[in-house]
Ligand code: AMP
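Take a look at this single chain, the form predicted on its own, given in structure tokens.
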């Protein structure tokens, strides 16, 4: 007999990628993190273990590359079995972008749940189909082990009606056309960890800025969502890497009526060609724009920052004041310049930045004289998925196998 540890796998299936992480059970110590990118094209793989014993990168030739999520997941499982032979995957947790009006918390996946998720494909056409494809592929590969859906919209389901609706005929709201909000797993992670770090501020009025290629902000009071910048889809609110953010609906009517654009063309424009990429004409990557001397790059960054500042004002009003702000996500965690530019516009709220702390990436980036605590806290959506999956899967005792 030999010890075989229980493991838990988290999957985040995007439009052309699968991000994954492996955790021990029941400790939830992260063993491995990685991703497969450009599925359907020249796919690339990378993975790194926490002990640095695994640090692999691989790029397929186009003819050998996995052409869909099922193929990519099958390859990943074979790779895991080879590299982590002493680990038995006993549960799988999935990030699912949209839970619609049905799900306000994670849920064990069964045939009925899967069927209901398929009914939501139209609400998130660029995300949900791939989330569902990842679930189907995992069920096929892992059989009867517990699988859990963790929803990006669930954290926002308790928002008040006035922050959850649009001013269109009410029957659309009843049919599910409402403000869902996204990045909920990130907000949940920060909200659950903030009380340990700053308990008094965690009870107060907090704005979390999840700034990355996808970007949004959320107003939170006593750990619960009050309002979010994202709405019915992941397009609303802030400008993002390739997404437009807030836009006058009249622009869309103009594109349809006078430019003759079809829904698919408009969808591609708003989701894939806009945001920082469209504004700059250079890149959707903030690092590239910050390193560019082109005026269009600076203008794109300035626009991004200006929208963040406007939303801070809006969310502070929804909260009735502000006690803390938390920067997270790829840009929020790593861009010294963006954090500085945002906070330097918030003196009217009582914010005072500590430039040295900000430059060195400290947790607290506001000065001792600031009436608003400003923080930089890395998010961990994979860890949040793992925690929910463990709780619902009833896994606790390591198994023994020969």
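Residue numbers count along the first chain shown, from 1. These numbers come from a predicted model, not from an experiment.
One more form of this protein exists, namely the form predicted in complex with the named molecule; it is left out here, but the text below deals with it.
Asker: Evaluate residue 217 for contact with the named molecule in the model of the complex, applying a 4.5 angstroms cut-off between non-hydrogen atoms, and reply yes or no.
Answerer: Residue-level check for residue 217: no, no contact with the named molecule.
Asker: With the cut-off set at 4.5 Å between non-hydrogen atoms, does residue 285 touch the named molecule in the model of the complex?
Answerer: Yes.
Asker: My question is simply whether residue 370 lines the interface with the named molecule in the model of the complex - judged by any non-hydrogen atom within 4.5 Å.
Answerer: Residue 370 lies outside the contact set for the named molecule.
Asker: Is residue 296 a contact residue for the named molecule in the model of the complex, using a 4.5 Å heavy atom cut-off?
Answerer: No, no contact at 4.5 Å.
Asker: Among the candidate stretches 22-30, 331-339, 56-64, 351-359, which one is within 4.5 Å of the named molecule in the model of the complex when only heavy atoms are counted?
Answerer: Only one stretch qualifies here: 331-339.
Asker: Within 4.5 Å, heavy atoms only, which of 104, 193, 267, 213 is in contact with the named molecule in the model of the complex?
Answerer: Partner contact (heavy atom, 4.5 Å) among the options: 213.
Asker: Heavy atom within 4.5 Å of the named molecule in the model of the complex: which of 290, 273, 71, 118?
Answerer: For this set of options, the contacting one is 290.
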